[in-house]
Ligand SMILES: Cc1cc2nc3c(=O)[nH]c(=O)nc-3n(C[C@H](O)[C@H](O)[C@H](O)COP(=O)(O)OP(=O)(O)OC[C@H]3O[C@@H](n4cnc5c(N)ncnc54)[C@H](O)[C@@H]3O)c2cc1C
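Next up: a single chain in structure tokens, the form predicted alone.
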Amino acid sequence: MEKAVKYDVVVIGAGAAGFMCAIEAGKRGKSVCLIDHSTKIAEKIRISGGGRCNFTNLNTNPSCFLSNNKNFCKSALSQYTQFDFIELVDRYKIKFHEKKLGQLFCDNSSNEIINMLLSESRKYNVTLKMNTKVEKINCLSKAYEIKIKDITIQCKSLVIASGGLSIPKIGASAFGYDIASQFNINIIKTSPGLVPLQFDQDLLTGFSKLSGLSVNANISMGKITFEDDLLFTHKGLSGPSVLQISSYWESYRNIVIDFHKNTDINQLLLDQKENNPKKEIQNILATFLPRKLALLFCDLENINGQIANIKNDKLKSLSNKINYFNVIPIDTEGYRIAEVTVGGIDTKEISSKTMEVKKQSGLYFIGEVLDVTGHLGGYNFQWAWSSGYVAGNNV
């Protein structure tokens, strides 16, 4: 029988969380093997931020994360903060800038972050195995056995950093959830997050002329609200504000869009009717909305011409559409283009201080595979760095 290759730690998944965990474990003198089934290293890092990697956010705090267990992320985020990662980036002299709302991007290329991780992993003697499919995992009395094509690997600590279901074309799979099921670990129902929303044909018929138009808007669903750019698409809506609300959206729930926050449009129109009665309604709306959008609202209400000739109840109905546009998406665009996976490994099964499975000694889950999902803007990368760091210091 072929003798097993032994490591202290095996990390499955060479993304942000997996690299961070492997590096930190290596720093502690552990022998580490980092395995990934892909031929390309850290592809999600490479494509993020339009190729410039939104690697963290200055405003990172627990309120920026979704989870059925809201307090779970606090420990990891405090053990390794956004400023700790920025210090690492500075050490490698990677130039970066704040785009908006605390979002930090590389000035040049996301490859700089990947190269930094590769350099750190080499420094601490991490063995990297790419294009390596894990065929089976067995739990021995005091170790884990990982079977791959050519060899069998044994380790004392096994870390699953295989990500979620988002963007399958770059290698996303259900691997982490399958391992959780193998060890009878509960999984919170998953769904696509940070993803465009789709609408029915009736609504799309009116919106079709607006495809490609971007406008600042406030989007809310119940008490959850986001204000940022909204983008009309040929399938529905996208843009930062829509992506944010999508992580919370559930089937058949309505969302409300305010196209001009902090302005009482009805009062504005009544004032215009009194002071500028001969002004055309389309032109009035076009002073604070993109003209195409102004024309669409007029078409929806079947009104045009001078504001003096429009009844007040019609102006009220028009203003409600601008301040309280109520729509029910029929679906999201799915995992195909979703930036993250909402849900995942139930964090009640995991130690927040170590990332170890409470009932399964030596088994750890980190990163996107867990039921922790950040808002848009670098938060999910920070969760990867923080959870990877914690596991790396406890394996």
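These figures come from a predicted structure and were not determined experimentally. Residues carry their position along the shown sequence, with the first being 1.
A second form of this protein, the form predicted in complex with the named molecule, is not displayed here; the remarks below concern that form.
Though the partner is left out of this view, residue 340 does reach within 4.5 Å of the named molecule in the model of the complex, counting heavy atoms only. Contact check for residue 12: a non-hydrogen atom falls within 4.5 Å of the named molecule in the model of the complex.
Among heavy atoms of residue 328, none comes within 4.5 Å of the named molecule in the model of the complex. Taking non-hydrogen atoms only, residue 96 never approaches the named molecule to within 4.5 angstroms in the model of the complex. Partner contacts here mean any heavy atom within 4.5 Å of the named molecule in the model of the complex, and among 255-263, 207-215, 168-176, 304-312 they occur only in 168-176. Between the named molecule and the residues 64, 35, 350, 363, the one pair within 4.5 Å by heavy atoms in the model of the complex involves 35. With the partner omitted here, the residue from 243, 161, 219, 73 that has a non-hydrogen atom within 4.5 angstroms of the named molecule in the model of the complex is 161. Using a 4.5 Å cut-off on any heavy atom, the residues of 41-77 that reach the named molecule in the model of the complex are, in sequence order, 44, 47, 48, 49, 53, 54.
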